[in-house]
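Heads up, the chain below is alone and in the form predicted on its own; it's given as structure tokens.
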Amino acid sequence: MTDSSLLLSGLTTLRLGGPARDVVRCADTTSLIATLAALDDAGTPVLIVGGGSNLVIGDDGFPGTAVVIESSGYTFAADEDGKPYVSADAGLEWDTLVAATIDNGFGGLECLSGIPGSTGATPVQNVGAYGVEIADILRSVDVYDRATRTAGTLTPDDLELGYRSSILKYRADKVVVAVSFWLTPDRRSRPLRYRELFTALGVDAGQDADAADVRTAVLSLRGGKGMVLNPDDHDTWSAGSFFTNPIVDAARAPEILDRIRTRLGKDVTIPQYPAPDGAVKLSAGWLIERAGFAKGHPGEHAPARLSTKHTLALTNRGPATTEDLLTLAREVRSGVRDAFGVDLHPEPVLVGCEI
């Protein structure tokens, strides 16, 4: 029988994943670096785990040591011009940091309230929601380079931040140990750009608002979509949005848009947003629904199904395996491709499995 303390399912928001050979928890940056150095000296495979909100781990688990980052400190400071910022350890729960900035009289992070996971993961994924992404607020990232055994600091430009991506994603040689973010004074939010949010707050596009009010509104909106963790709500047993919004290059965009209109009607309004180099970003959730996958698909007795609140979240209803979840992901991906010729790509990192 597998030792339950080694099961990786207990370290992910999906609550899926087989065992690791060993699990080591690091309460501070010093122990994290020492642990990684020792494991690297021994040639032991390492899986870095933060909040586990962006991980899909295979049923066979991981043939090495899972290193869980549990560092949790944070400090407030200002630059030479008086501009405030906060520096936080990589293991600090992200939403704890967001709440702390507001409690201390600052704004800037409020639109990213309720996002599960650790602070260290946010620049890796260039996390974003409600009109703000990490690229908008990032000051610097402290990393440990496992190859050179040195610590260093990266700027936002160094990270080549893009849509849900950075140079740190899908690699384990550079490990985030701390992150700092620019803040706004007087508990004022950043300018509000997301229609659903500024409408809920009763302000105009581009205006700011009290950051505490923005946080309350964001948590309400996310909660209605099953995107705020709740152990009693299986709609939140997910990795958040499973697929990224697809970006169709400029050459293919007219063909894809025409195909969508041919299938759904020439007068259909297609959610689309400009992307670099003339490309077009489409809405993955909208495509999934229009391809015939309703909320809750494939039904209430399925061990893994689409959230009943948001079609972009694939959820574990309790008895699911990782393979159950991936089977559903493959079905959805194939359905969207067959219907519209658009390929969907997973947003979470897949470990020991693939779709």
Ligand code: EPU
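Start at 1 and count along the sequence shown; that's the residue number. Just so it is clear, the model here is predicted, and its values are computed rather than measured.
Below, we refer to the form predicted in complex with the ligand, which is not included among the displayed structures.
- Between the options 101, 241, 166, 236, the residue in contact with the ligand in the predicted bound form by a heavy atom within 4.5 angstroms is 241.
- This chain is drawn without the ligand; in the predicted bound form, the residue among 225, 146, 193, 188 with a heavy atom within 4.5 Å of it is 225.
- Comment: 308-316 is the region of 41-49, 62-70, 308-316, 22-30 lying near the ligand in the predicted bound form, near meaning a non-hydrogen atom within 4.5 Å.
- Judged against the ligand in the predicted bound form with a 4.5 angstroms heavy atom cut-off, the residues 245, 283 and 295 are in contact without exception.
- Interface residue remark: residue 289 is counted as part of the site for the ligand in the predicted bound form, having a heavy atom within 4.5 Å.
- The closest non-hydrogen atom of residue 271 lies within 4.5 Å of the ligand in the predicted bound form.
- In the predicted bound form, residue 128 approaches the ligand with a heavy atom inside 4.5 Å.
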